[in-house]
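To begin, one chain is listed below as structure tokens, in the form predicted on its own.
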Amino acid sequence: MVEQRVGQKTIRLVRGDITEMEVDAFVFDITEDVKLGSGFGGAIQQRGGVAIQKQLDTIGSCPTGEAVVTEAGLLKASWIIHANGPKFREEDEEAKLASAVRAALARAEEKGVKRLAFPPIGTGLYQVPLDLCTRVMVDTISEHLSDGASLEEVLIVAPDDREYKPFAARIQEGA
């Protein structure tokens, strides 16, 4: 396990399935039309129940760089924060990613979340470069935690070594 202390707060890197983490909320990278779709979104709906998509349908959309919240249904967490990060090497990719991370952190604060889990946003299907994602996410989370956040711990949940190793290196730099 790799972690970085930010004052009394912690950024912790773990391997695993984000939906299985013992957290108050987790972040899911969603598209503007807020459809869970197939793949990981389909797994969230299957594990958490159709109520999650029904809540998203009432929300309607989520612009790039923003985040919306639903209940987590039958999942361990209470909330899912749906953040819309950059897709397929869009313009201003770094700024859009930082905005999505800040928006997710803000939604977590609004819900009184103490433990929040993030996936590496956009590094799979959406092809956000892993080095950019690592730097932007760790730095944005660290900045937020050092700025009087009520969040106590932020997990970055890497599903495999491809994502784990660069996040571990970045977190250890700041530890």
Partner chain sequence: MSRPAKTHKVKMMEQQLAKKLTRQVVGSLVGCVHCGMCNDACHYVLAFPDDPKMTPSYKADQLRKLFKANFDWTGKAIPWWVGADKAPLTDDDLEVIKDISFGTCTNCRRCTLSCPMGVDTATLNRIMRGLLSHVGVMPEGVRVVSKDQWELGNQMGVLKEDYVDTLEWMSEELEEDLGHGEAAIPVDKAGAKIMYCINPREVKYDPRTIKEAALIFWAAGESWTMPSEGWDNTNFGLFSGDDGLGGVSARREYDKARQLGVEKIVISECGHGFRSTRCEGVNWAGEQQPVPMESAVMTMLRFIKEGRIKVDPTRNPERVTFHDSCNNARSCGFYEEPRELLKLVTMDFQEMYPNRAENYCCTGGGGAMSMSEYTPRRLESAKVKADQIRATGAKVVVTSCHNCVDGLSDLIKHYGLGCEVKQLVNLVANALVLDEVKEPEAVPAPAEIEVAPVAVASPLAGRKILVVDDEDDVRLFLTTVFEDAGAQVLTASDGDTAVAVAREHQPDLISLDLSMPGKDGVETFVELRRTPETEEIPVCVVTGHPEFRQVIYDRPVAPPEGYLGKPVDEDKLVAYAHHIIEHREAKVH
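For clarity, every value in this text was computed on a predicted model and none was experimentally measured. Positions refer to the first chain, counted from 1.
Omitted here: the form predicted together with the partner chain. The next part is about that form.
J.: Counting only non-hydrogen atoms and a 4.5 Å threshold, tell me whether Lys114, Ser146 and Gly174 all contact the partner chain in the predicted bound form.
T.: Answer is no for this spot.
J.: Only one of Thr134, Ser142, Thr123, Thr70 gets a heavy atom within 4.5 Å of the partner chain in the predicted bound form. Which one?
T.: Of the listed residues, the single hit is Thr123.
J.: Do Ala43 and the partner chain share at least one heavy atom pair within 4.5 Å in the predicted bound form?
T.: Close contact exists here: in the predicted bound form, Ala43 approaches the partner chain to within 4.5 Å, heavy atoms only.
J.: Just checking whether Gly60 would be counted as a contact of the partner chain in the predicted bound form - the rule being heavy atoms within 4.5 angstroms.
T.: No, Gly60 sits far enough from the partner chain in the predicted bound form that none of its heavy atoms falls within 4.5 Å.
J.: Is there any non-hydrogen atom of Glu22 lying within 4.5 Å of the partner chain in the predicted bound form?
T.: Result no; Glu22 lies far from the partner chain in the predicted bound form.
J.: Could you tell me if Glu90 has a non-hydrogen atom within 4.5 Å of the partner chain in the predicted bound form?
T.: Output for Glu90 is yes: heavy atoms within 4.5 Å of the partner chain.
J.: Within 4.5 angstroms, counting heavy atoms, which one of the listed stretches 105-113, 44-52, 146-154, 62-70 is next to the partner chain in the predicted bound form?
T.: Checking each option against the 4.5 Å cut-off leaves 44-52.
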